[in-house]
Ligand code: AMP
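Below you will find one chain, with nothing else, as structure tokens; this is the form predicted alone, and questions on how it binds or moves follow later.
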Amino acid sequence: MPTPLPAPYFVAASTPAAGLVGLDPADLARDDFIAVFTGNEVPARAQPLAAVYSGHQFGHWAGQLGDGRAILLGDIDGPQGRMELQLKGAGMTPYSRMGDGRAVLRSSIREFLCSEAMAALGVPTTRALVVTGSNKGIIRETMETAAVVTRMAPSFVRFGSFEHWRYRDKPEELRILADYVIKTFYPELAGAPNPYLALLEEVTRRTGVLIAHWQAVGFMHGVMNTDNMSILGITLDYGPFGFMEAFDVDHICNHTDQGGRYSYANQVPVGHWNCYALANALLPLIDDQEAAQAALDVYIDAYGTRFDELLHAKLGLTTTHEDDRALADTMFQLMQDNKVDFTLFFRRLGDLRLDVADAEREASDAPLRDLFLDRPAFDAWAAQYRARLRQEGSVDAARRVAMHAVNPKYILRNYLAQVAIEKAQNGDYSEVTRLLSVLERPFDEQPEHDAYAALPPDWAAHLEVSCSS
């Protein structure tokens, strides 16, 4: 059962998330709703539970884990299907180990904002309904205040949920869990010759597609442990995440990740490794090692195909050509060498014009060109890019609309979250709501909010996020 917090208060709510479960977002600020979504009152029909799971953390077997600070209230049917509602930070559970079962305002705001920002970007993700807070002190690196974020997803079952029963040598429990997942979320697989093999293949495919989306928007999860991987192929557990700014394929967003296991570049192979861990967990049910190995092969194709589609769209290319890979590789190397801001580059690339006179090209290209220290190198690449666009008869106006529909102007930069957090810690929650409203429309121009799309200030370089974030 949740453990009540003293004098809970409303911080922010998501209108799109509320719509998924048929709630009026205005109601979420009512005292009775605040009490429910803080864990101070439990709805009459709720049957709160905390789930056990195990997992590999940073590549090492960690044994039993579980919902140490998350409590599932139950599920609710909404206009778009069933969603589970889970309180994160609602108190201790049987799996809290040495933890206090609480979340702090800082981390709750980060998860709330990023969940909804990712959904607006079109990335498969859990959702965040509401954040509530309390002035109860919580000890982390410093003394902070408590908060609860209500998360939503069709299911919070993880790869580690299967690993738990596999490593405890509990085949019947493993089968019960797999049958539940197939019946509830993958009913189309029930008639397959080997439903458990089909489950592995489909989850592996979805994971590859998910990580293609991460790479395409420059998102880094930070803690891709198997207990943080969703069986539905959605982004799960926002802790030390980050969006790429100055492009560096080896960037590590998690200060705790000293070895760089979960760097931007490593997300692709680690996703595959995690699917191997899931395959091993399901092997007693699949009962065919070679078939399980073959099922994992879909990952590379799923990732590669989806990333290629997303990258072509980001580049405004409507056809494919054998030289496209070389064009993209040169682009990413230039971005790496010049530490170009990932989001600004692709957004401004949509404004690059074909129909511009040679004498005007430098001025026309300036907003994009000036992101590069090595401007002659950019000019050389831009000439290749323009030639590729002409090859398919690209039209500036139509291409700009298409590219701006897939290349966001606004992302949740760490410094934007930090500004909102610091104001909230001082009792002003307006910036959380304002920032959320901007992030809910990441592809729109929103000229009144241009400052939210600017390069990060110098002080932002000193921001660090870790596993306690």
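Residue indices: 1-based, along the sequence shown. Since the model is a prediction, treat every value here as computed from it, not as a measurement.
Missing here is the form predicted together with this ligand; even so, the following discussion is about that form.
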Checklist entry - Hey, of 50 to 58, 396 to 404, 32 to 40, 415 to 423, which bit sits against this ligand in the model of the complex at 4.5 Å between non-hydrogen atoms? => result 50 to 58
Checklist entry - Using 4.5 Å between non-hydrogen atoms, is Lys409 touching this ligand in the model of the complex? => result no
Checklist entry - Hey, in the model of the complex, is Lys339 touching this ligand, heavy atoms inside 4.5 Å? => result no
Item to check | Heavy atom of Gly99 within 4.5 Å of this ligand in the model of the complex | outcome: yes
Checklist entry - Contact between Glu116 and this ligand in the model of the complex at 4.5 Å, heavy atoms? => result no
Item to check | The single option of Glu245, Asp257, Asp237, Glu201 touching this ligand in the model of the complex, heavy atom within 4.5 Å | outcome: Asp237
Next on the checklist: Which residue, Arg306, Arg375, Arg140, His251, is the contact with this ligand in the model of the complex, using a 4.5 Å heavy atom cutoff?
Outcome noted: Arg140
Checklist entry - Which residues from 216 to 237 come close to this ligand in the model of the complex, meaning a heavy atom within 4.5 Å? => result Val223, Asp227, Asn228, Asp237
